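Just one chain is shown here, as structure tokens, and it is the form predicted alone.
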Amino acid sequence: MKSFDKIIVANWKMQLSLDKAKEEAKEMKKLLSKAKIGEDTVAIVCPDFLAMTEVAKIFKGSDIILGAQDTYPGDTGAHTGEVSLSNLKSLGCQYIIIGHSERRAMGESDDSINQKVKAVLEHDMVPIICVGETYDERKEEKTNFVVIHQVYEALKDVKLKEGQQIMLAYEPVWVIGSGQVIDANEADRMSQIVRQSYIDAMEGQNLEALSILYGGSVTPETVNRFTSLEKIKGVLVGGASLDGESFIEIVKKA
């Protein structure tokens, strides 16, 4: 799969109705076709599962790549309410968000995240693994430990084939949806911790497969604060991705 120098991921969460998701997808497609975006930049949009089929139809043949907000690690079975990787892949989905803090808060375990990472790679898709500390963990000076632990557990026993990719998105949980963003120095420091954690977890192998993203209240005004840093290749965008014009401005300014 092609690698990119600038990666912009939209996470629509459960924020849009089906009609609104279709409307924003059409707007993004139109705006991106008019924008002068280099071939080294990619826009990835992750709708909710209900909207996936319709949004996939809209994005087909465009420069926007379809992603998903989660997955089940198996392909078939008695798994009520789950969505398989094979079905997602059939829609053209290439990227899967795994371990988002909102999923972790609902009880998703390190082991479940690890299983999903392996399954995504087995399907030759790209995992976007979210890591980050809560406000209480930061206050207790556990930030480094939490992030190192989450990276290590997500990548335990993971083996990569040639050309495969892994994205690690650092999202300080306490800034998500708050309008706050951390300063560039802190983002740079955390990107180095994420990178070193990856190196340790992968025993020094496959460093070329890694892309580090930043997430947490990213806007058109703040995106370049993070993408200008040496080790951060892109951003994971929540609220600002719900409006097509805002999201494409982020893509253009990344």
Ligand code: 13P
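For every residue, the number given is its place in the sequence shown, counted from 1. Model, not experiment: these values are computed from the prediction.
Omitted here: the form predicted together with the named molecule. The next part is about that form.
With the partner removed from view, the residue among 155, 168, 176, 85 that has a non-hydrogen atom within 4.5 Å of the named molecule in the predicted complex turns out to be 176. Contact check for residue 238: a non-hydrogen atom falls within 4.5 Å of the named molecule in the predicted complex.
Taking non-hydrogen atoms only, residue 218 approaches the named molecule to within 4.5 angstroms in the predicted complex. Proximity of residue 13 to the named molecule in the predicted complex: non-hydrogen atoms within 4.5 Å are present.
Only one of 146 to 154, 113 to 121, 168 to 176, 77 to 85 places residue heavy atoms within 4.5 angstroms of the named molecule in the predicted complex, namely 168 to 176.
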